[in-house]
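This document opens with one chain alone, in structure tokens, the form predicted alone.
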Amino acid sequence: MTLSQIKFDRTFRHGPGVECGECPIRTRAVCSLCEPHELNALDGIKSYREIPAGKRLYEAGEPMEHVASVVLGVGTLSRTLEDGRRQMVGLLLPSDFIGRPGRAEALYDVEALTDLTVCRFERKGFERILGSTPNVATRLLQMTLDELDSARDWAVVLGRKSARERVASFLLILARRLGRQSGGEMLFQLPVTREAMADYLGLTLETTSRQMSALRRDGVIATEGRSAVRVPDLIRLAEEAGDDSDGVALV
């Protein structure tokens, strides 16, 4: 957790409210282009909610009264088929947007992988603000197009890359989005179980574990316990992932 995240967490838990300027996702979220008067408009319809790890924020098909931005923690988007089979279709990382203005029902199950804090907005109020606040609408369009590009990139990962490249691609995403620099290395916490990781990558648990072990043996990553991951050289990890995007994250 970064210093700004720690400051936010303390303020959120112990103070009456959180100023947007103190928010750790302020420069990346849907409000990142807002002028002060636009932030005031959003502030009038915002609230914070904490979702414990393993609990759902929404289930597919239920009314969606709020849209939200992930502030702290990691969540998942998933779809459950009629026969009970479940497929993870996306990760929700800090600054990611949840929901779709103009749609009254949730399309996917939204679940907290870790303890999750979201900044949420009343959906109907947010829709009104979109019509009168160009900077919010512009930023949401940018984020939507980025998400479309990421979905296309991920189709390549699943459709054409080897098992090793898929695992490396996934770790590269997390390193770029969740990592912190320490002595020239990138450190992050793996927020998913090996089972969930395998599900997301379209691999078996055995194959996923084998590729993690191979990357560790070859010095591409190092792990401590079950969740701490250290990347000595991000460029080498990108090469293992077959990535040529010059630092642009896949998700």
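Note that residue numbering begins at 1 and tracks the sequence as displayed. Note that this is a predicted model, so its numbers are computed, not measured.
Separately, the form predicted together with another copy of the chain exists; it is not shown, and the next lines address it.
Contact with another copy of the chain in the predicted bound form, defined as a heavy atom within 4.5 Å, is made by all three of R79, V89 and Q142. Residues placing heavy atoms within 4.5 Å of another copy of the chain in the predicted bound form fall in a single listed stretch, namely 97-105, out of 97-105, 170-178, 67-75, 112-120. Of the candidates L190, V220, I51, A198, A198 is the one whose heavy atoms come within 4.5 Å of another copy of the chain in the predicted bound form; the others do not. When contacts are judged by a 4.5 Å heavy atom cut-off, L130 counts as touching another copy of the chain in the predicted bound form. Another copy of the chain is not shown here, and in the predicted bound form it never comes within 4.5 Å of any heavy atom of L42.
Taking non-hydrogen atoms only, L203 approaches another copy of the chain to within 4.5 angstroms in the predicted bound form. Heavy atoms of R164 never reach within 4.5 Å of another copy of the chain in the predicted bound form, leaving it off the interface. Of the residues in 138-175, those that come within 4.5 Å of another copy of the chain in the predicted bound form through at least one heavy atom are, in sequence order, L140, L141, Q142, T144, L145, D146, E147, L148, D149, A151, R152, D153, A155, V156, L158, G159, R160, K161, S162, E165.
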